[in-house]
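This document starts with one chain, in the form predicted alone, laid out as structure tokens.
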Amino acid sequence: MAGMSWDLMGHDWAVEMLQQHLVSGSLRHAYLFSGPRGVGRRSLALRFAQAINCPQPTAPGIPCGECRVCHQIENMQHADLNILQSEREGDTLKVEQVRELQHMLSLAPYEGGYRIALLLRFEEANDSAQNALLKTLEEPNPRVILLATADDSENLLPTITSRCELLRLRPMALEALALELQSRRQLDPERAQLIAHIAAGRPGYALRLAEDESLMAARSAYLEDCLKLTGFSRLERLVFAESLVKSRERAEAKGELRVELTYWLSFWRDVLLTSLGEAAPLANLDYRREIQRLADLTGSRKAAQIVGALEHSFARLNNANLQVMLDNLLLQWPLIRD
């Protein structure tokens, strides 16, 4: 299949379309890859960048993946590849960064046919930064191609999305992803199934989980925190919340909370689905017993309230008082003791 020629999991339709643009000489000046984080937006963009500038493709539209250019692009270190992103995930990408990128894009390509700009998590760009990019989109340099990634095109200004070729990437079917993990990473079927569910069908995230044991260990620690907190008193919860925020720089605390809340939210969504009797697949297959227990004890109404509170906390992460936000969140959880 076309997707296999780029050594990617899923998104074969997108690979085929991009290859066709390249082979037919109909490259667009800007592409926007949207979809949930971990779905493979950056990997697809980088493979496309390789296909555009690889000096020795194995076939039209297929990068060799072995030459110096391909390796440097893969590592995001090539002279003709300019990376633009906020300093930390969840921070704001500012107009000054866009203007610096525009200066780099005014230079001729160093060795390839095109200078390529990779704009990562562009939904984090403020309105001024997005508006600053408009000039580049409206007056495209024929030797420059912009590749942007974002969680949802709706989170960008319409003037940005209307000037890009939009590719909406979707998670893979869980069974298909599990089979890919078995064949590509030689995982046993049970572990492949678990990782596919934890990743919710997102191949990029699944590969990170399969390759980095520390991520799975951290996930277990966050879920154990989640379970312990249901048995904590109000005072114990406030002390725990303080331990996550106190004596840390805001950016560090916010980043840690973003990860922790992600796992808590996946767990409580499983509780909600179970309490409703839904047949939807669980994200946390290895916590079935604990999920069922909390579903029986809390009921769907309380589980829905907690899921809503967690989603609200996510939306407020950038601007909220983190200590107060976390205190309010945890005090809504039910007290459950054996």
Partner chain sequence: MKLTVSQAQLAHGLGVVSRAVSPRSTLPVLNNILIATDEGRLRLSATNLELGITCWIGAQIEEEGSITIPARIFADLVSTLPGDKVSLALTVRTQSLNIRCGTSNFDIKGIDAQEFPPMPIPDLASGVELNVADFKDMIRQVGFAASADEARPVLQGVLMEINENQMSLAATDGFRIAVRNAELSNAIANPVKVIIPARSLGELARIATDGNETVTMVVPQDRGQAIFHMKDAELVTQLIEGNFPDYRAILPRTFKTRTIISTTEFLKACRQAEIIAREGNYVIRLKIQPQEGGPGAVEFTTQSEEMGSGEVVVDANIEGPELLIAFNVRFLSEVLEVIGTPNTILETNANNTPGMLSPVGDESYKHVIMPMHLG
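In this text, all values refer to a predicted model and were calculated from it rather than measured experimentally. Numbering follows the first chain given and starts at 1.
Separately, the form predicted in complex with the partner chain exists; it is not shown, and the next lines address it.
The partner is absent here; in the model of the complex, the one residue of S220, N141, T159, S183 having a heavy atom within 4.5 Å of the partner chain is N141.
Checking E236, E111, D152, E89 against the partner chain in the model of the complex, a heavy atom within 4.5 Å turns up for just one residue: E111. The candidate spot formed by Q72, R99 and S106 lies fully in contact with the partner chain in the model of the complex, as each residue has a heavy atom within 4.5 Å of it. Contact annotation: R301 falls outside 4.5 Å of the partner chain in the model of the complex, judged by heavy atom distances.
Interface membership of R68, defined by any non-hydrogen atom within 4.5 Å of the partner chain in the model of the complex, is confirmed. In the model of the complex, no heavy atom of L166 sits within 4.5 Å of the partner chain.
Contact between A79 and the partner chain in the model of the complex is found at the 4.5 Å heavy atom cutoff. Comparing 185-193, 141-149, 167-175, 240-248 against the partner chain in the model of the complex, the single stretch with non-hydrogen atoms within 4.5 angstroms of it is 141-149.
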